[in-house]
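Before any questions on binding or motion, here is one chain by itself as structure tokens, the form predicted on its own.
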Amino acid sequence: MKQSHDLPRVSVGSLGGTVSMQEVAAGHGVTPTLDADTLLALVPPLRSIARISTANLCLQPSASLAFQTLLEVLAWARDEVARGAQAVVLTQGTDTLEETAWFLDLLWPFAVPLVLTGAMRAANQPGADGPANLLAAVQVALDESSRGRGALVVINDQIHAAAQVRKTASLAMAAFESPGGWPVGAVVEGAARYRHQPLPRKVLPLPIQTGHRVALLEACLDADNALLTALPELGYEGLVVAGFGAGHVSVTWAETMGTVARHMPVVVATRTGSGPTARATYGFVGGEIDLQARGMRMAGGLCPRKCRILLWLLIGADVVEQLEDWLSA
């Protein structure tokens, strides 16, 4: 058995979320209350596999996380790597887990694993999944085969790539999937088992500005275009549209979006939840051929929410000219 000083060093940062929640007063619902050390105390085996340092980065529902908060989390994680951490694990709420993972993945320059996890059941509920997910996350983070894969989401003994993972159920235990494919791996007997070797990664520079805004609007039946028309005057610098089917909108929206595209980059994704946008199939007004002719970019397989994060970071780093390359990756 390894002595404690021989164990690998893992840094665990807590951001709150259901994994940290419990009911403090009957009938008032669960709220974030458990700090990182308390979470670790629920998983005694962790101390036998790693030297763990903890940090309480924030304690809130993940719906209230902001880009600036994530940049601060990233700075903490980078400092931990500089101080010798061999892996970094973050616990947070599942509501925005897919977005947080993608944001951090785009900016994570290290081979050192960055693993995110959470829970679907609060800490005081029977069958709470937080302890098992935290143990699995640390096991994956310590696995040599996890190096070079960027940010990973480990939950329900599945390992998901940040670009593909989606929360597809509101309350189910098996709430996370990688639509259109499979998780990149699984946790089997405490070890990571991957389907393929790490793929080449690209990383964005840190943003040099953070005050800009990117809008996300969803196409829906018989929607008016008032919000679209107002976007340039409201000070937005980018737009993502969750379009119908393979990336389509109404005639009215197509015309208005063409005007908006003269002022800012516009990306069209699919609202379906699985599959890519088309590029050269539909020729009607509002179809992808028409939209591209009006200056818009098609998102491919990247979901609308992740398109917004990508575009925000590209604008923030003043490299928006790379947008097409990222969407084609």
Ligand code: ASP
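The numbering used is simple: start at 1 and walk along the sequence shown. These numbers come from a predicted model, not from an experiment.
Just so you know, the form predicted together with the ligand exists too; it's not on screen, but the next bit is about it.
- Of the candidates G238, G150, G93, G185, G93 is the one whose heavy atoms come within 4.5 Å of the ligand in the predicted bound form; the others do not.
- Judged against the ligand in the predicted bound form with a 4.5 angstroms heavy atom cut-off, the residues T18, S62 and A119 are in contact without exception.
- Although the partner is absent here, K167 lies within 4.5 Å of the ligand in the predicted bound form, judged by heavy atoms.
- Residues of just one listed stretch (54 to 62, 294 to 302, 279 to 287, 259 to 267) have heavy atoms within 4.5 Å of the ligand in the predicted bound form: 54 to 62.
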